[in-house]
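Each of the two blocks below gives one form of the same protein chain as structure tokens; they are labelled structure 1 and structure 2.
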Structure 1
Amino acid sequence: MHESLRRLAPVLLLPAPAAALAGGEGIPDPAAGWDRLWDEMLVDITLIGVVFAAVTAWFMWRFRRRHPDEEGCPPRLGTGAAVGWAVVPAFVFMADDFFLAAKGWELWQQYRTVPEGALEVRLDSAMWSWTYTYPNGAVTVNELRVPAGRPVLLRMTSRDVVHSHFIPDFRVKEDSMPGRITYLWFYPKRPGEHVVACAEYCGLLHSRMAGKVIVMEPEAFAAWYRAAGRRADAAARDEGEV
């Protein structure tokens, strides 16, 4: 391939991020949203659980059998009470359901709306490794290097079976499948390392299909990215000459 083509590729595939990013403000972070919703969820289900359990425990103590021949003496429910006991709880549960669904939908929108200017990396999964290809042709295996403060979009497919790219620290996973394209994005804010795990059973080394997301300082990333791109160009040239 022509060298000029390679050099031009990044221009095409990397939309200029500067304007859209403006210091990372205004980009919602789904991971933080997940933690918030999870806490609200815990309060919600704990409350319901405690009410149910407390009522049950009280009944268990209050209505224990005192004489061997004793029988229950339940009140007969009239039609109104019977219907009420079905309809009122049903509406209470539905109210909670719709409340939670609305909350969940709000967060879902964040998860599904990719911010402008995300770094788009192609991911090919295969038994049992992750291969990341950057817009400039740089390729890494099991190691996704990204700059801090810029959202990352993965465009995923699989070469063999179904895998699922899971980054617990960013609270996100999505399956990668042969013949289909799926997307996943996350927002690394600070430099650091995060575990990548496979979350869809894929055979012998499923549990060893581990990788890392390495979040770098933007300058350090830029330097690495240029060097890795040059190496990829050189490799492609060698291949082309053969």
Structure 2
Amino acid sequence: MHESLRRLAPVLLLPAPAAALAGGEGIPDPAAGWDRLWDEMLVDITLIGVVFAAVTAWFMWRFRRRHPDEEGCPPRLGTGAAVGWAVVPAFVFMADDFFLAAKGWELWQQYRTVPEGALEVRLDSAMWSWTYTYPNGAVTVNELRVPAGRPVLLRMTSRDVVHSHFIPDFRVKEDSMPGRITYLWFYPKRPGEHVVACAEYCGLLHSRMAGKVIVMEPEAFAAWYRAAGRRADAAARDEGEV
């Protein structure tokens, strides 16, 4: 572990890599789970809204005033009916809320449980850049290169103020802050480029603190990784000779 991270480790909550979830179906994809939960929530809210709007509209029509002099004469509800009208709608709302909360908790566990075999990269945040350090010493700024088909774990800290590393396409966002190490992981399945943004206001030029994730074919990433490692070793030797 990098010396600065070793000094910080006692005050931080770091995950131990765990076996992949999803019971034999391979590595879970929190981004897909997030999308499913979001769609399900929208469907549930829409259905409940339509049902209650329909009931309200029926009440308005059924008990409408039919002539100007008509006075209402509502039936008196018994205890059972009054309790039922109060409890049944509340039960419907709460049952759906508890269901969505349980699904959200399950998804949260996926977000916080790192699969085995993840590529671990150190991230140092600072105004206004993201600096990524790979296990072989290679360093990139504002450009995270990763292989397709392998989970990626970022262990993050900040050199100055609180930042938030946000990759919208992978539905992940986590603060990086001075004096602590936080983490996030994501699962890039296919080659492509994805935007990285800072989602925590960090001062002047905050909106320009951007980067990108470049997902590469595994063979191309391996070649880049070896070349970047050699360049890092050469730079370290040159610094040692000065």
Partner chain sequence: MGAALRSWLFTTDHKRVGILYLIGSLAAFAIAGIMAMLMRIELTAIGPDLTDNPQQYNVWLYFHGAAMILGFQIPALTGFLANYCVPLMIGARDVAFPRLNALSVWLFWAGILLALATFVIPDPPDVMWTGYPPYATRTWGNTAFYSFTVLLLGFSSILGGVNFLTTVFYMRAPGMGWNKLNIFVWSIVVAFIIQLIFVPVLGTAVTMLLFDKYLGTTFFDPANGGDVLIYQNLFWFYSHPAVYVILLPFLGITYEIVATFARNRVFNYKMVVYGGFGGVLLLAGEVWVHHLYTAGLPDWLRVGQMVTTLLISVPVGLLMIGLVGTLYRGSIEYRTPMLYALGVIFFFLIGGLTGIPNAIASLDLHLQDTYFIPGHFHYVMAVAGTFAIFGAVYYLFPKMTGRMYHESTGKLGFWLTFIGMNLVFMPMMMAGIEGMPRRYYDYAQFPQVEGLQQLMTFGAFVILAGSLVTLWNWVQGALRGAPAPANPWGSRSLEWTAAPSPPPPGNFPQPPRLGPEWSPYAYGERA
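Note that the rigid core is defined as the largest set of C-alphas that superpose within 1.5 Å between two forms. Here, residue number means position along structure 1's sequence, counting from 1. On a predicted model such as this, the values are computed, not experimentally measured, just so you know.
Colleague: Looking at the two shown chains, say which is the form predicted in complex with the partner chain.
Modeller: It is the first structure (the form predicted in complex with the partner chain) rather than the second.
Colleague: Verify the C-alpha shift of A210 between structure 1 and structure 2: is it 2 Å or more after superposing the core?
Modeller: It does not, since the A210 C-alpha is displaced less than 2 Å between structure 1 and structure 2 after the core fit.
Colleague: Does the C-alpha of L77 move 2 Å or more between structure 1 and structure 2 once the rigid core is lined up?
Modeller: It does, since the L77 C-alpha is displaced 2 Å or more between structure 1 and structure 2 after the core fit.
Colleague: Once the two forms are fit on the core, has G49 moved its CA by at least 2 Å between structure 1 and structure 2?
Modeller: Shift of 2 Å or more: yes.
Colleague: Superpose on the rigid core and then read off how far the CA of V92 has moved between structure 1 and structure 2, in Å.
Modeller: Taking the core as reference, the C-alpha of V92 is shifted 3.7 Å.
Colleague: Superpose on the rigid core and then read off how far the CA of P68 has moved between structure 1 and structure 2, in Å.
Modeller: P68 C-alpha displacement between structure 1 and structure 2, core-aligned: 9.9 Å.
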